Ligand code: DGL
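Encoded as structure tokens, the following chain is the form predicted alone, with no partner shown.
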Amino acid sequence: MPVKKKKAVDVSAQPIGVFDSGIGGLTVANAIQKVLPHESLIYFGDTAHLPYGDKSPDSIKYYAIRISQFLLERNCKMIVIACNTASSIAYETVKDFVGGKIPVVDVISPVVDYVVHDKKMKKVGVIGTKGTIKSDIYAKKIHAASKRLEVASLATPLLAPMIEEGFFNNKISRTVIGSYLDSRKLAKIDGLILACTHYPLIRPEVEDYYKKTVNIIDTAGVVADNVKKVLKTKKLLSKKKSPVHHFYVSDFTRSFEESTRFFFKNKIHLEKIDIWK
């Protein structure tokens, strides 16, 4: 009796896995959706442990590995670490854990490449969580690629929790944002890297502060373009006409649900799941 051949798996039709400590990574997921409308997404927001910015490196590496395992179990063809803190601390750890089975994209390297190739930029500012700024990852990578660029980094720890609680586009957010951007460290910058995936949600307020005198870099868009480039290079672009998105959280919060619906309307499946057992 002839042995039936197993049907080949269409890897390109499998979803892209995206994770962050909370709602910030939704800015990246939304940008990916716009650039790659045929791709399905599985998003994991680790709301039980946010913010990552004040966690120890060992804790962040543990969270990243466990979430990556969760995404692999759901047959993701790529993992996007949509968190600057996790990207700066756990990117190599996740790559080692995945072992080359699927590509892993961080949110730092694509932005560094973008800044380095912008010849008009002489001094770039970086704002992010304590963890990201303490790692000095942006300055190290930028200086390794270009000696001409000056980098000014500033920790802005109140911004991510503020955004998670839904405080943006109001008097409170404008006051907090202004108090940080007034720092002498950021004087005479040509561009500003929003080095936290939460921060694109306050980009209009940052732009308003600078009155179009500073290039506010669309980090989510830059990362999404890189995701497309990697998938195209590896021949993994999906041709599906009806992508399906799934959103998981480790702890349910109303702000996460509202933000998810803001980006993806009602076409979502939001589920709380405990992957730490």
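Quick caveat, the model's predicted, so the values are computed rather than measured. When you see a residue number, it is the position in the sequence shown, counting from 1.
Heads up, the form predicted in complex with the named molecule isn't pictured, but that's what we're talking about next.
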#### Entry: Candidate stretches 52-60, 233-241, 214-222, 29-37, one within 4.5 Å of the named molecule in the model of the complex by heavy atom
52-60
### Query
Is Ala160 one of the residues lying within 4.5 Å of the named molecule in the model of the complex, judged by heavy atom distances?
yes
### Message
Heavy atom within 4.5 Å of the named molecule in the model of the complex: which residues of 132-146 meet that condition, in order?
### Response
Thr132
